[in-house]
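In structure tokens, one chain follows: the form predicted on its own.
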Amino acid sequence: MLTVKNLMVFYENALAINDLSLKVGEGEIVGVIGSNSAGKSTLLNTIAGLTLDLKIKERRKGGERITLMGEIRYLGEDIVDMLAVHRVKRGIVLCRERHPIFPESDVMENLRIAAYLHPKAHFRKMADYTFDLFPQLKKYRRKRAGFLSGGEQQMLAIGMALVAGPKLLLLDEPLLGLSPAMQTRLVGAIKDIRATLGITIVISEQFARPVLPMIDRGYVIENGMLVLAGTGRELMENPEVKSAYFGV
């Protein structure tokens, strides 16, 4: 479904992604594991088209220079120069880190905003699925999103990504800052999204322990470079991964 080949991203003279290649097969859950500032968010933002959009905006202002090199192919199509809005229309949807929601709007309004590209029937179907997936959101459907807890806001952010109609769902650190119990609930929800909807998922995380058991394959990146790749089980049993991410 997705192939990233020899991707490089520069912010001025800083190298954020360094000659990185990866593949995501249809129906897979693929993990991107790395410490803070390893390049995970830059990678997902680049796949989603946000880095390209930022490059265009900065070029118009004569400000920060961003350089993109390499290849991104989605469903056989080269999308490296495709704007983010067109990638969303083709089914690439990013759920950004730290649950970006509209705090002044209620839960239902947030979901409606995210579904603007789709007919009402799609919205109703995916909103119902979101409430089945996260039952506690249903009782807060008329509550302002800014008054939800961090975990509830993350659930809403994932629901917003789902109503946007993804074929490829990019989850950027969805477990960040959440309690172990909430992390477990979200991991179960991510598994259900793949099993029930058949959506292909790429999840980036620095918390490797809850992520590795559910992924089909994973990539470990450091300083924007790929350092390890393998199945979830292979990475869990790798002594370097245990030392760096499990404290073993």
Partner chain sequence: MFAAILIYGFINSSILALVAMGFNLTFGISGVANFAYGAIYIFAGFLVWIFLNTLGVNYFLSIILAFISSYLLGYLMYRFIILRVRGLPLSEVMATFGLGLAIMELFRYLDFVGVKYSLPVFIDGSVSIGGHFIDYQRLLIGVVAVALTVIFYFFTHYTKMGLAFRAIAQDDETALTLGIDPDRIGAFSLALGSSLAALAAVIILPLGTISVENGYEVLINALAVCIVGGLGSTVGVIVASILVGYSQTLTANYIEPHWMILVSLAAIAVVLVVKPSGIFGKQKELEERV
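Positions refer to the first chain, counted from 1. Only a predicted model underlies this, so the values are computations on that prediction, with no experimental measurement involved.
The following text describes the form predicted together with its partner chain, which does not appear among the structures shown.
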Report whether the minimum heavy atom distance between H118 and its partner chain in the predicted bound form is within 4.5 Å. yes
When the contact criterion is heavy atoms within 4.5 Å, does F102 count as touching its partner chain in the predicted bound form? yes
Non-hydrogen atom contact L178 with its partner chain in the predicted bound form at 4.5 angstroms: no
Even though the partner isn't displayed, in the predicted bound form is L133 close enough to its partner chain, meaning a heavy atom within 4.5 Å? no
Can you work out which of R73, R141, R96, K167 has a heavy atom no more than 4.5 Å from its partner chain in the predicted bound form? R96
Between A189, L197, L50, M214, only one gets a heavy atom within 4.5 angstroms of its partner chain in the predicted bound form; which residue is that? L50
Do heavy atoms from each of I203, F207 and E240 fall within 4.5 Å of its partner chain in the predicted bound form? no
Which among 35 to 43, 54 to 62, 180 to 188, 215 to 223 is in contact with its partner chain in the predicted bound form, heavy atoms within 4.5 angstroms? 54 to 62
